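This document starts with one chain, in the form predicted alone, laid out as C-alpha coordinates.
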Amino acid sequence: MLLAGLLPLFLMGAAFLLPGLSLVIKNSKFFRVYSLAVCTVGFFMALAVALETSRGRVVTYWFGGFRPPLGIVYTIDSLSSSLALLSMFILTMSTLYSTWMVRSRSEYLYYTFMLSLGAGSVGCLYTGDIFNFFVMLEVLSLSAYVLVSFYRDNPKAIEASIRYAIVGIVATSLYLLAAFIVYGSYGTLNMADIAMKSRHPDAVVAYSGKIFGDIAFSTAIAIALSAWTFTFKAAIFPNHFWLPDANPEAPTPVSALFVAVIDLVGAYGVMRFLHTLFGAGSVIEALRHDILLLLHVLGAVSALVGALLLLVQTDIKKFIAYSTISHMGLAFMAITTGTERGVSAAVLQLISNSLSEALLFYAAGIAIVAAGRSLDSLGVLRRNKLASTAFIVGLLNLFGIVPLLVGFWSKLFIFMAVLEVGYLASAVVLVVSTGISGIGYVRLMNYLARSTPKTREDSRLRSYWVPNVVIAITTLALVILGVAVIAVPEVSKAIADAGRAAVDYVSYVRAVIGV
(Lines give C-alpha, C1' and ligand atoms only; values in the text may rest on other atoms or scores of the structure.)
Protein backbone atom coordinates (compact mmCIF):
# COMPACT_ATOMS: atom_id res chain seq x y z
CA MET A 1 0.00 0.00 0.00
CA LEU A 2 1.65 3.20 -1.19
CA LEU A 3 0.21 5.42 1.59
CA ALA A 4 1.93 3.29 4.22
CA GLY A 5 5.33 4.01 2.73
CA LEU A 6 4.57 7.64 1.94
CA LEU A 7 3.34 8.86 5.34
CA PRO A 8 6.70 9.01 7.22
CA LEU A 9 8.44 10.29 4.07
CA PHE A 10 5.72 12.92 3.59
CA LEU A 11 6.13 14.20 7.16
CA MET A 12 9.92 14.19 6.96
CA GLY A 13 9.99 15.88 3.57
CA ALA A 14 7.59 18.57 4.80
CA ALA A 15 9.81 19.09 7.86
CA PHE A 16 13.00 19.45 5.78
CA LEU A 17 11.29 21.93 3.50
CA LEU A 18 10.51 24.38 6.30
CA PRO A 19 14.06 25.72 6.94
CA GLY A 20 14.42 26.43 3.23
CA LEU A 21 11.09 28.22 3.10
CA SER A 22 12.13 30.31 6.09
CA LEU A 23 14.83 31.95 3.95
CA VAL A 24 12.21 33.61 1.77
CA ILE A 25 9.12 33.64 4.00
CA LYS A 26 9.25 35.48 7.31
CA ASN A 27 5.58 35.43 8.31
CA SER A 28 4.99 33.06 11.24
CA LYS A 29 1.37 32.55 10.21
CA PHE A 30 2.55 30.74 7.08
CA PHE A 31 4.50 28.17 9.12
CA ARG A 32 1.51 27.57 11.39
CA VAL A 33 -0.90 27.02 8.50
CA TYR A 34 1.65 24.95 6.57
CA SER A 35 2.35 22.62 9.52
CA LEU A 36 -1.30 22.24 10.40
CA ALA A 37 -2.15 21.37 6.79
CA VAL A 38 0.65 18.77 6.67
CA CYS A 39 -0.51 17.16 9.94
CA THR A 40 -4.13 17.10 8.80
CA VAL A 41 -3.21 15.37 5.55
CA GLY A 42 -0.98 12.98 7.51
CA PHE A 43 -3.83 12.13 9.86
CA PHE A 44 -6.11 11.17 6.98
CA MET A 45 -3.31 9.10 5.44
CA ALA A 46 -2.94 7.23 8.74
CA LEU A 47 -6.71 6.82 8.89
CA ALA A 48 -6.75 5.27 5.40
CA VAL A 49 -4.06 2.77 6.43
CA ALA A 50 -5.93 1.95 9.65
CA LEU A 51 -9.15 1.31 7.72
CA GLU A 52 -7.26 -1.03 5.38
CA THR A 53 -5.86 -3.08 8.28
CA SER A 54 -9.30 -3.14 9.96
CA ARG A 55 -10.35 -5.58 7.24
CA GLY A 56 -7.92 -8.12 8.66
CA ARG A 57 -5.08 -7.37 6.24
CA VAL A 58 -1.42 -6.93 7.07
CA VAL A 59 -0.35 -4.08 4.78
CA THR A 60 3.19 -4.09 3.36
CA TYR A 61 5.25 -1.64 1.34
CA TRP A 62 8.63 -2.59 -0.15
CA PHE A 63 11.02 0.31 -0.46
CA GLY A 64 12.73 0.45 -3.83
CA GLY A 65 10.81 -2.64 -4.92
CA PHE A 66 13.37 -4.91 -3.23
CA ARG A 67 11.70 -8.07 -2.00
CA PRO A 68 12.03 -8.59 1.77
CA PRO A 69 14.09 -9.64 3.58
CA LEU A 70 16.61 -8.19 1.10
CA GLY A 71 15.17 -4.67 1.31
CA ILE A 72 13.42 -2.53 3.90
CA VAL A 73 9.72 -3.21 4.23
CA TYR A 74 6.95 -1.47 6.13
CA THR A 75 4.67 -4.07 7.71
CA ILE A 76 1.50 -2.61 9.21
CA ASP A 77 -1.10 -4.63 11.08
CA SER A 78 -4.03 -3.48 13.21
CA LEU A 79 -1.72 -2.94 16.20
CA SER A 80 0.73 -0.60 14.50
CA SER A 81 -1.92 1.19 12.42
CA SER A 82 -4.14 1.98 15.41
CA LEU A 83 -1.23 3.39 17.43
CA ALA A 84 0.01 5.39 14.43
CA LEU A 85 -3.47 6.86 13.99
CA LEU A 86 -3.43 7.86 17.66
CA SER A 87 -0.01 9.51 17.23
CA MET A 88 -1.17 11.46 14.18
CA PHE A 89 -4.34 12.60 15.96
CA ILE A 90 -2.42 13.98 18.96
CA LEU A 91 0.22 15.48 16.63
CA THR A 92 -2.50 17.30 14.68
CA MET A 93 -4.19 18.56 17.85
CA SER A 94 -0.87 19.70 19.35
CA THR A 95 0.08 21.49 16.14
CA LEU A 96 -3.24 23.35 16.10
CA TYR A 97 -2.80 24.18 19.80
CA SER A 98 0.73 25.42 19.06
CA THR A 99 -0.62 28.05 16.66
CA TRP A 100 -2.19 29.69 19.73
CA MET A 101 0.43 29.05 22.38
CA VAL A 102 3.89 29.13 20.80
CA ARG A 103 5.36 32.54 20.01
CA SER A 104 8.97 32.71 18.88
CA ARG A 105 11.20 34.13 16.18
CA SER A 106 12.20 30.52 15.47
CA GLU A 107 8.73 29.09 14.95
CA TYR A 108 9.78 27.47 11.70
CA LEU A 109 12.30 25.38 13.67
CA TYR A 110 9.63 24.45 16.20
CA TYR A 111 7.32 23.12 13.50
CA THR A 112 10.24 21.46 11.69
CA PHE A 113 10.94 19.29 14.70
CA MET A 114 7.26 18.74 15.48
CA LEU A 115 6.81 17.21 12.02
CA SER A 116 10.01 15.17 12.26
CA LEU A 117 8.87 13.92 15.68
CA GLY A 118 5.69 12.65 14.03
CA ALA A 119 7.68 11.09 11.19
CA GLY A 120 9.91 9.25 13.67
CA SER A 121 6.94 7.94 15.63
CA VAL A 122 5.01 6.66 12.61
CA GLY A 123 8.21 5.23 11.12
CA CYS A 124 8.86 3.20 14.29
CA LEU A 125 5.29 1.91 14.29
CA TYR A 126 5.14 1.05 10.60
CA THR A 127 8.57 -0.42 9.97
CA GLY A 128 9.15 -4.16 9.64
CA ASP A 129 12.94 -3.84 9.92
CA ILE A 130 14.77 -3.68 13.26
CA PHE A 131 17.54 -1.42 11.93
CA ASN A 132 15.07 0.95 10.32
CA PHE A 133 13.33 1.00 13.71
CA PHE A 134 16.61 2.33 15.14
CA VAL A 135 16.86 4.99 12.41
CA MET A 136 13.33 6.23 13.05
CA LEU A 137 13.90 6.03 16.80
CA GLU A 138 16.85 8.36 16.36
CA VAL A 139 14.73 10.77 14.32
CA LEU A 140 12.14 10.69 17.08
CA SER A 141 14.70 11.13 19.86
CA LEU A 142 16.70 13.96 18.28
CA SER A 143 13.49 15.88 17.60
CA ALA A 144 12.42 15.41 21.21
CA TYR A 145 15.78 16.65 22.56
CA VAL A 146 15.50 19.83 20.51
CA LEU A 147 11.88 20.47 21.43
CA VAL A 148 12.54 20.07 25.16
CA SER A 149 15.16 22.86 24.90
CA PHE A 150 13.15 25.04 22.50
CA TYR A 151 12.93 27.85 25.07
CA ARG A 152 16.67 28.49 24.98
CA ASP A 153 16.49 31.37 27.46
CA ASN A 154 15.31 28.92 30.13
CA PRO A 155 18.34 27.27 31.85
CA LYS A 156 16.15 24.49 33.27
CA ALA A 157 15.00 23.54 29.77
CA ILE A 158 18.60 23.34 28.52
CA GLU A 159 19.65 21.28 31.53
CA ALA A 160 16.67 18.90 31.17
CA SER A 161 17.38 18.47 27.46
CA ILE A 162 21.06 17.68 28.06
CA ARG A 163 20.27 15.07 30.70
CA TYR A 164 17.58 13.55 28.51
CA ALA A 165 19.88 13.49 25.48
CA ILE A 166 22.86 11.93 27.27
CA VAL A 167 20.88 9.04 28.73
CA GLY A 168 18.78 8.77 25.57
CA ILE A 169 21.87 8.35 23.40
CA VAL A 170 23.06 5.54 25.64
CA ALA A 171 19.64 3.87 25.46
CA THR A 172 19.36 4.00 21.67
CA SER A 173 22.97 2.82 21.35
CA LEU A 174 22.07 -0.25 23.38
CA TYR A 175 19.25 -0.95 20.96
CA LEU A 176 21.66 -0.58 18.02
CA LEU A 177 23.98 -3.11 19.65
CA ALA A 178 21.00 -5.45 20.06
CA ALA A 179 20.22 -5.07 16.34
CA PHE A 180 23.83 -5.97 15.46
CA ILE A 181 23.61 -9.10 17.63
CA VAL A 182 20.34 -10.17 16.03
CA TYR A 183 21.74 -9.64 12.54
CA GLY A 184 24.86 -11.65 13.36
CA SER A 185 22.75 -14.54 14.62
CA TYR A 186 19.78 -14.53 12.26
CA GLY A 187 21.42 -13.15 9.11
CA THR A 188 18.57 -10.70 8.68
CA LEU A 189 17.12 -7.44 10.00
CA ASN A 190 13.60 -8.16 8.78
CA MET A 191 11.14 -8.61 11.65
CA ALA A 192 9.04 -11.26 9.90
CA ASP A 193 12.14 -13.25 8.97
CA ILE A 194 13.37 -13.05 12.58
CA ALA A 195 9.94 -14.06 13.92
CA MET A 196 9.93 -17.20 11.77
CA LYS A 197 13.53 -18.23 12.47
CA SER A 198 13.16 -17.69 16.21
CA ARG A 199 10.49 -20.43 16.14
CA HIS A 200 11.90 -22.55 13.30
CA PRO A 201 15.71 -22.40 13.58
CA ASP A 202 16.09 -24.87 10.69
CA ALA A 203 14.35 -22.55 8.22
CA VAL A 204 16.31 -21.28 5.23
CA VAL A 205 15.03 -18.05 3.66
CA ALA A 206 16.01 -16.58 0.30
CA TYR A 207 18.64 -13.82 0.61
CA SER A 208 19.05 -14.18 4.39
CA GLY A 209 19.89 -17.89 4.50
CA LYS A 210 19.96 -19.68 7.84
CA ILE A 211 20.85 -18.89 11.46
CA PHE A 212 24.38 -18.78 12.88
CA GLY A 213 25.48 -20.21 16.22
CA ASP A 214 23.48 -20.36 19.44
CA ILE A 215 20.59 -18.00 18.71
CA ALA A 216 18.98 -18.65 22.11
CA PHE A 217 21.88 -17.01 23.96
CA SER A 218 22.28 -14.14 21.50
CA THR A 219 18.51 -13.52 21.50
CA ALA A 220 18.48 -13.27 25.29
CA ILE A 221 21.30 -10.70 25.17
CA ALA A 222 19.54 -8.72 22.45
CA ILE A 223 16.27 -8.64 24.41
CA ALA A 224 18.06 -7.51 27.57
CA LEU A 225 19.69 -4.60 25.68
CA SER A 226 16.56 -3.57 23.79
CA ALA A 227 14.40 -3.82 26.93
CA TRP A 228 16.54 -1.09 28.48
CA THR A 229 15.76 1.13 25.49
CA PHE A 230 12.05 0.40 25.54
CA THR A 231 11.64 0.96 29.28
CA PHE A 232 13.54 4.24 28.94
CA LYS A 233 11.30 5.48 26.12
CA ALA A 234 8.19 4.39 28.01
CA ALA A 235 9.41 6.01 31.27
CA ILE A 236 9.19 2.76 33.25
CA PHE A 237 10.94 2.49 36.64
CA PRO A 238 13.91 2.77 37.09
CA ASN A 239 14.25 4.51 33.70
CA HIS A 240 11.46 7.00 34.42
CA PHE A 241 13.63 9.79 35.81
CA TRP A 242 13.92 11.83 32.61
CA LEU A 243 10.20 12.44 32.10
CA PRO A 244 9.47 14.65 35.17
CA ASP A 245 12.35 16.93 34.08
CA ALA A 246 11.97 16.97 30.30
CA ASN A 247 8.19 16.98 30.03
CA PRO A 248 7.54 20.12 32.15
CA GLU A 249 10.25 22.21 30.45
CA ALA A 250 9.04 21.49 26.93
CA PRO A 251 6.38 23.72 25.35
CA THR A 252 2.96 22.55 26.55
CA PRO A 253 1.84 21.18 23.14
CA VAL A 254 5.02 19.09 23.05
CA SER A 255 4.36 17.85 26.59
CA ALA A 256 1.00 16.57 25.31
CA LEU A 257 2.85 14.66 22.59
CA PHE A 258 5.23 12.79 24.91
CA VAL A 259 2.85 10.06 25.99
CA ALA A 260 1.20 9.60 22.57
CA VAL A 261 4.40 9.66 20.55
CA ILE A 262 7.51 8.89 22.60
CA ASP A 263 6.27 6.79 25.54
CA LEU A 264 3.95 4.89 23.22
CA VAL A 265 6.85 3.76 21.01
CA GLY A 266 8.56 2.19 24.02
CA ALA A 267 5.45 0.19 24.88
CA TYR A 268 5.02 -0.82 21.24
CA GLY A 269 8.62 -2.06 21.09
CA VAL A 270 7.97 -4.46 23.97
CA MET A 271 4.77 -5.73 22.33
CA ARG A 272 6.52 -6.34 19.01
CA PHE A 273 9.70 -7.90 20.40
CA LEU A 274 8.26 -10.11 23.14
CA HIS A 275 5.14 -11.21 21.30
CA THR A 276 5.67 -11.07 17.53
CA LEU A 277 9.43 -11.57 17.14
CA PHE A 278 10.31 -13.67 20.18
CA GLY A 279 6.91 -14.77 21.43
CA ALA A 280 5.50 -18.10 22.51
CA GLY A 281 7.24 -21.05 20.89
CA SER A 282 10.46 -19.16 20.17
CA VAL A 283 13.96 -20.33 21.07
CA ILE A 284 13.86 -18.37 24.34
CA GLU A 285 10.58 -19.92 25.50
CA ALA A 286 12.19 -21.12 28.73
CA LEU A 287 13.56 -17.65 29.54
CA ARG A 288 10.69 -15.60 28.13
CA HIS A 289 8.46 -16.06 31.17
CA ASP A 290 11.19 -14.68 33.45
CA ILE A 291 11.75 -11.69 31.16
CA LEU A 292 8.04 -10.91 31.08
CA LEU A 293 7.78 -11.32 34.84
CA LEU A 294 10.67 -8.91 35.45
CA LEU A 295 9.12 -6.28 33.18
CA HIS A 296 5.76 -6.92 34.83
CA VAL A 297 7.24 -6.17 38.24
CA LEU A 298 8.87 -2.99 36.90
CA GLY A 299 5.49 -1.96 35.50
CA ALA A 300 3.84 -2.53 38.88
CA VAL A 301 6.54 -0.54 40.67
CA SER A 302 6.12 2.28 38.13
CA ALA A 303 2.37 2.34 38.75
CA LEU A 304 2.90 2.71 42.48
CA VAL A 305 5.87 5.10 42.35
CA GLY A 306 4.14 7.39 39.86
CA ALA A 307 0.94 7.42 41.93
CA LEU A 308 2.79 8.21 45.16
CA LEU A 309 4.97 10.95 43.69
CA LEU A 310 2.14 12.79 41.96
CA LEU A 311 0.60 13.38 45.39
CA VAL A 312 3.40 15.74 46.46
CA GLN A 313 3.70 17.77 43.25
CA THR A 314 3.00 21.50 43.19
CA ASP A 315 3.77 21.92 39.47
CA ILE A 316 0.87 20.94 37.23
CA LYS A 317 3.12 19.66 34.41
CA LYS A 318 5.15 17.51 36.81
CA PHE A 319 1.90 16.19 38.27
CA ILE A 320 0.76 15.05 34.83
CA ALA A 321 4.23 13.59 34.13
CA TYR A 322 4.06 11.35 37.21
CA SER A 323 0.50 10.40 36.30
CA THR A 324 1.86 9.29 32.93
CA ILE A 325 4.53 7.16 34.61
CA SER A 326 1.87 5.46 36.74
CA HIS A 327 -0.43 4.72 33.81
CA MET A 328 2.39 3.53 31.55
CA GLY A 329 3.24 1.12 34.36
CA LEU A 330 -0.29 -0.27 34.16
CA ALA A 331 0.08 -0.69 30.40
CA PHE A 332 3.33 -2.63 30.92
CA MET A 333 1.60 -4.86 33.45
CA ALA A 334 -0.96 -5.76 30.79
CA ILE A 335 1.59 -6.25 27.98
CA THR A 336 3.71 -8.59 30.09
CA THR A 337 0.91 -10.96 31.03
CA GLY A 338 1.95 -12.68 27.81
CA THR A 339 -1.62 -13.06 26.57
CA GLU A 340 -3.67 -11.69 23.70
CA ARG A 341 -6.17 -10.23 26.19
CA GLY A 342 -3.34 -8.46 28.00
CA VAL A 343 -1.99 -6.81 24.85
CA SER A 344 -5.50 -5.69 23.86
CA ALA A 345 -5.99 -4.17 27.32
CA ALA A 346 -2.63 -2.41 27.01
CA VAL A 347 -3.59 -0.92 23.64
CA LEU A 348 -6.81 0.48 25.12
CA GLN A 349 -4.86 1.79 28.11
CA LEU A 350 -2.36 3.56 25.83
CA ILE A 351 -5.18 5.18 23.85
CA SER A 352 -7.04 6.21 27.01
CA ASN A 353 -3.95 7.59 28.71
CA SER A 354 -2.75 9.46 25.61
CA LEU A 355 -6.07 11.22 25.11
CA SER A 356 -6.46 12.01 28.83
CA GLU A 357 -2.97 13.35 29.41
CA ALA A 358 -3.12 15.41 26.22
CA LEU A 359 -6.49 16.84 27.29
CA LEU A 360 -5.09 17.80 30.69
CA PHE A 361 -2.16 19.59 29.06
CA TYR A 362 -4.42 21.41 26.60
CA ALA A 363 -6.73 22.63 29.37
CA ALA A 364 -3.94 23.40 31.84
CA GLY A 365 -2.07 25.28 29.11
CA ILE A 366 -4.59 28.11 29.38
CA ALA A 367 -3.93 28.37 33.13
CA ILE A 368 -0.17 28.19 32.55
CA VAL A 369 -0.29 31.13 30.15
CA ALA A 370 -2.50 33.12 32.54
CA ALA A 371 -0.93 32.39 35.91
CA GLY A 372 1.98 29.93 35.71
CA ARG A 373 2.55 26.24 36.38
CA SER A 374 1.57 26.14 40.06
CA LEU A 375 -1.48 24.08 40.98
CA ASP A 376 -3.00 27.33 42.26
CA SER A 377 -3.16 28.56 38.66
CA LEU A 378 -5.90 26.02 37.87
CA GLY A 379 -8.46 28.40 39.36
CA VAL A 380 -8.14 30.45 36.18
CA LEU A 381 -10.01 27.73 34.30
CA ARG A 382 -13.25 28.58 36.07
CA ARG A 383 -13.56 31.46 33.61
CA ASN A 384 -13.63 28.95 30.75
CA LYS A 385 -16.42 26.43 31.28
CA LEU A 386 -15.29 24.21 28.41
CA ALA A 387 -11.69 24.00 29.64
CA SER A 388 -12.67 23.39 33.27
CA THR A 389 -15.21 20.72 32.32
CA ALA A 390 -12.73 19.02 29.99
CA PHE A 391 -10.08 19.08 32.72
CA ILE A 392 -12.44 17.27 35.09
CA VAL A 393 -13.37 14.76 32.35
CA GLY A 394 -9.66 14.03 31.79
CA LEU A 395 -9.09 13.47 35.51
CA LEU A 396 -12.14 11.21 35.82
CA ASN A 397 -10.98 9.18 32.84
CA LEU A 398 -7.55 8.67 34.43
CA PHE A 399 -9.23 7.76 37.72
CA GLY A 400 -11.19 5.10 35.84
CA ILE A 401 -14.42 5.16 37.82
CA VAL A 402 -16.90 6.40 35.18
CA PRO A 403 -18.24 3.63 32.86
CA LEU A 404 -19.00 6.13 30.10
CA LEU A 405 -15.28 6.94 29.77
CA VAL A 406 -12.71 4.69 28.14
CA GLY A 407 -10.41 4.81 31.19
CA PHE A 408 -12.89 2.69 33.14
CA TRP A 409 -12.81 -0.04 30.50
CA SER A 410 -9.04 0.00 30.02
CA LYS A 411 -8.48 -0.58 33.74
CA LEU A 412 -11.21 -3.21 33.89
CA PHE A 413 -9.63 -5.09 30.99
CA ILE A 414 -6.20 -4.89 32.63
CA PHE A 415 -7.73 -6.22 35.86
CA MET A 416 -9.24 -9.15 33.95
CA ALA A 417 -5.98 -9.80 32.07
CA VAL A 418 -3.84 -10.05 35.22
CA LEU A 419 -6.42 -12.27 36.93
CA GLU A 420 -6.51 -14.52 33.86
CA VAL A 421 -2.85 -15.44 34.43
CA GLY A 422 -3.24 -15.65 38.22
CA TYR A 423 -1.42 -12.43 39.14
CA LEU A 424 -3.53 -11.56 42.20
CA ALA A 425 -0.85 -9.21 43.56
CA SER A 426 -0.94 -7.25 40.30
CA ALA A 427 -4.71 -6.82 40.62
CA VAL A 428 -4.10 -5.36 44.08
CA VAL A 429 -1.43 -3.02 42.67
CA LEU A 430 -3.91 -1.83 40.03
CA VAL A 431 -6.55 -1.04 42.65
CA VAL A 432 -4.11 0.56 45.11
CA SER A 433 -2.34 2.73 42.52
CA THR A 434 -5.74 3.83 41.18
CA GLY A 435 -6.85 4.78 44.69
CA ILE A 436 -3.65 6.70 45.42
CA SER A 437 -3.82 8.52 42.08
CA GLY A 438 -7.46 9.29 42.77
CA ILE A 439 -6.46 11.26 45.85
CA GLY A 440 -4.23 13.40 43.65
CA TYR A 441 -6.95 13.89 41.04
CA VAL A 442 -9.44 15.00 43.71
CA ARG A 443 -6.78 17.38 44.98
CA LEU A 444 -6.52 18.95 41.53
CA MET A 445 -10.30 19.31 41.35
CA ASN A 446 -10.16 21.12 44.68
CA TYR A 447 -7.58 23.59 43.31
CA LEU A 448 -9.74 24.07 40.25
CA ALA A 449 -12.78 24.87 42.39
CA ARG A 450 -11.20 26.98 45.15
CA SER A 451 -7.91 28.63 44.14
CA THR A 452 -7.87 32.32 43.18
CA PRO A 453 -4.58 32.97 41.37
CA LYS A 454 -3.27 36.31 40.22
CA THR A 455 -3.40 36.51 36.45
CA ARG A 456 -1.01 38.30 34.15
CA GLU A 457 -1.49 40.20 30.94
CA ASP A 458 -0.91 38.17 27.80
CA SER A 459 -2.14 38.80 24.27
CA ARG A 460 -2.97 35.12 23.85
CA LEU A 461 -5.68 35.40 26.50
CA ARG A 462 -7.76 37.71 24.33
CA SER A 463 -9.09 34.78 22.32
CA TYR A 464 -9.60 31.15 23.31
CA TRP A 465 -11.17 29.76 20.18
CA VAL A 466 -8.13 27.74 19.09
CA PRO A 467 -7.51 25.97 22.43
CA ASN A 468 -11.26 25.54 22.85
CA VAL A 469 -11.51 23.75 19.49
CA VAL A 470 -8.62 21.44 20.43
CA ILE A 471 -10.08 20.77 23.87
CA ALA A 472 -13.55 20.10 22.46
CA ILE A 473 -12.31 17.65 19.79
CA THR A 474 -10.09 15.75 22.25
CA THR A 475 -12.88 15.55 24.84
CA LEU A 476 -15.31 14.27 22.23
CA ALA A 477 -12.80 11.63 21.11
CA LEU A 478 -12.39 10.48 24.72
CA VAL A 479 -16.12 10.28 25.44
CA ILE A 480 -17.14 8.79 22.08
CA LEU A 481 -14.49 6.08 22.38
CA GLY A 482 -15.65 5.24 25.91
CA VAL A 483 -19.25 4.80 24.76
CA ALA A 484 -18.20 2.97 21.59
CA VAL A 485 -16.25 0.33 23.54
CA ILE A 486 -19.50 -0.95 25.04
CA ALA A 487 -22.03 0.11 22.41
CA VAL A 488 -20.29 -0.54 19.09
CA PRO A 489 -19.14 -4.15 18.55
CA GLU A 490 -16.76 -3.10 15.77
CA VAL A 491 -14.74 -0.97 18.19
CA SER A 492 -14.29 -3.72 20.77
CA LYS A 493 -13.41 -6.09 17.91
CA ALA A 494 -10.78 -3.64 16.62
CA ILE A 495 -9.19 -3.49 20.08
CA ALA A 496 -9.16 -7.30 20.30
CA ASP A 497 -7.68 -7.48 16.79
CA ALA A 498 -4.83 -5.18 17.85
CA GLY A 499 -3.90 -7.58 20.64
CA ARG A 500 -4.26 -10.56 18.34
CA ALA A 501 -2.00 -8.91 15.74
CA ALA A 502 0.90 -8.77 18.20
CA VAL A 503 0.55 -12.43 19.16
CA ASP A 504 -0.30 -13.85 15.71
CA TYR A 505 3.16 -13.98 14.19
CA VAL A 506 2.01 -16.34 11.44
CA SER A 507 -0.07 -13.69 9.63
CA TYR A 508 2.79 -11.21 10.06
CA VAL A 509 5.31 -13.62 8.51
CA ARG A 510 3.00 -14.74 5.71
CA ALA A 511 2.31 -11.13 4.63
CA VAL A 512 6.03 -10.41 4.23
CA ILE A 513 7.78 -13.64 3.29
CA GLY A 514 4.80 -15.61 2.02
CA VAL A 515 5.40 -18.78 4.05
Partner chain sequence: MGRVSGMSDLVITLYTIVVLSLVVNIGISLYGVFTRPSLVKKFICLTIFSDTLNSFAIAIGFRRVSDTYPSIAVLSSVPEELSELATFAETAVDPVPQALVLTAIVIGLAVYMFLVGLIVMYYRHYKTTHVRVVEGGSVG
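Values in this document were obtained by computation on a predicted structure and should not be read as measured data. Positions refer to the first chain, counted from 1.
One more form of this protein, predicted together with its partner chain, exists but is not displayed; see below.
Trainee: Heavy atom to heavy atom, is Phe408 within 4.5 Å of its partner chain in the model of the complex?
Mentor: Close contact is absent here: in the model of the complex, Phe408 is far from its partner chain, nothing within 4.5 Å, heavy atoms only.
Trainee: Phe399 near its partner chain in the model of the complex, any heavy atom under 4.5 Å?
Mentor: Because no heavy atom of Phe399 falls inside 4.5 Å of its partner chain in the model of the complex, the answer is no.
Trainee: So in the model of the complex, is its partner chain close enough to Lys318 to count as touching (4.5 Å, heavy atoms)?
Mentor: So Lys318 counts as contacting its partner chain.
Trainee: Evaluate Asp202 for contact with its partner chain in the model of the complex, applying a 4.5 angstroms cut-off between non-hydrogen atoms, and reply yes or no.
Mentor: Although its partner chain is absent here, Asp202 would stay clear of it in the model of the complex, with no heavy atoms inside 4.5 Å.
Trainee: So if I measure heavy atom distances to its partner chain in the model of the complex, which of the stretches 276-284, 142-150, 260-268, 297-305 falls within 4.5 Å?
Mentor: So the stretch in question is 142-150.
Trainee: Name the residue from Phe134, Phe230, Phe89, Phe391 that puts a heavy atom within 4.5 Å of its partner chain in the model of the complex.
Mentor: After the contact test, the surviving option is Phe134.
Trainee: Considering its partner chain in the model of the complex, which of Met416, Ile166, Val432, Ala425 comes within 4.5 Å of it through any heavy atom?
Mentor: Partner contact (heavy atom, 4.5 Å) among the options: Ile166.
Trainee: Judged by heavy atom distances of 4.5 Å or less, which residues of 176-197 approach its partner chain in the model of the complex?
Mentor: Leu176, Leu177, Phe180, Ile181, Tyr183, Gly184, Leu189, in sequence order.
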